[in-house]
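Read the single chain below, which is given as structure tokens and is the form predicted alone.
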Amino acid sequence: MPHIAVEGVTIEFPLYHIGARSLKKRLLAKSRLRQDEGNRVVVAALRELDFRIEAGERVALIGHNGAGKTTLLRTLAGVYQPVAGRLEVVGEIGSLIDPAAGMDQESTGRENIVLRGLFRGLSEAQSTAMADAIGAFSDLGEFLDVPVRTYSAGMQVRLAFAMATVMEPQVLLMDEWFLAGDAAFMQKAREKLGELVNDADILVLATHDMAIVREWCTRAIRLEAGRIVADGPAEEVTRGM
């Protein structure tokens, strides 16, 4: 059964080129900074998180900028590895986090789609058919056959969204900025996104929009400075926000 188990998970990032002793001393006075075994100054992006998400749950990660929402999403996706604690994600993961993640900027949109299909175990014929379907949905037209590095930010989002939504994940991880594409595209995409959310066993969504939380989520986890400060029914946790 799909589930997510997080036990004492801590994520730290080293701050390089912090050499001056006085500067290091001032930095270490900050609550999220410490000195590790290698004598490096590190920032604790997430600190000793404990929670479990079961199949059927729709969970919002909320909090101010810098609270740790996107870092937690990327940790659940396997982008970051904990320096302490235990993380278990059971179920096929689908990520709508970074539109450029996994894309070769020098390859065309079509080539990226075919490569993604082959990586997922599809045949070349299936991958080619998927490229045609994604191209039609994303409205990229002739740009599907030019290098991704030439795309605008909006075009990359459209391509990434279309690539991501052809999957049928059990665990869907999503950053709200995937909801911020151009209006014409998102009007079409919202229906597809709703299907994806409904079909997933688990949704974890990082967002600042309390209306989205109340519409899509049954539970909310509020983060502050890398720690969980509230975890419960979405309506209760977001009350007054």
Partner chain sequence: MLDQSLPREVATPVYRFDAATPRRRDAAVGDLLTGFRRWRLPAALAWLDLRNRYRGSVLGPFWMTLSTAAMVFGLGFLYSNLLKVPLPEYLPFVAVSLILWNVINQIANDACTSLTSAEGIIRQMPLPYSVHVLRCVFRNVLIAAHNLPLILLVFLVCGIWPRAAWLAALPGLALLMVNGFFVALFLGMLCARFRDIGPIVGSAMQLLFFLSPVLWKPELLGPRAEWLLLNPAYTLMEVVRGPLLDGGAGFGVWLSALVFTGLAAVVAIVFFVRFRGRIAFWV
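For clarity, a rigid core is taken as the largest C-alpha set superposing within 1.5 Å between two forms. Positions refer to the first chain, counted from 1. Since this is a predicted model, take the numbers as computed values, not measurements.
One more form of this protein should be noted, the form predicted in complex with the partner chain, which is absent from this view; the next part is about it.
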* To do: Could you confirm whether G102 comes within 4.5 Å of the partner chain in the model of the complex, counting heavy atoms only?
  => yes
* To do: State yes or no: in the model of the complex, is some non-hydrogen atom of I11 no more than 4.5 angstroms from a non-hydrogen atom of the partner chain?
  => yes
* Wondering, does E106 line up within 4.5 Å of the partner chain in the model of the complex on heavy atoms? -> yes
* **is_contact(G141, the partner chain) in the model of the complex, heavy atom dist at most 4.5 Å** => no
* Going by the partner chain in the model of the complex, which residues of 51-89 come within 4.5 Å of it through any heavy atom? -> R74, T75, L76, A77, G78, V79, Y80, Q81, P82, V83, A84, G85, R86, L87, E88, V89
* Asked: With both forms fit on the core, has V171 moved 2 Å or more by CA between this form and the one not shown?
  -> no
* Hey, does K192 budge by 2 Å or more at the Cα between this form and the one not shown once the core is superposed? -> yes
* Given that the CA-CA distance for G121 and V79 shifts by 3 Å or more in the model of the complex, does it become closer or farther? -> closer
* Can you tell whether Y80 sits closer to or farther from V148 in the model of the complex than it does here, judged by CA atoms, where the change is 3 Å or more? => farther
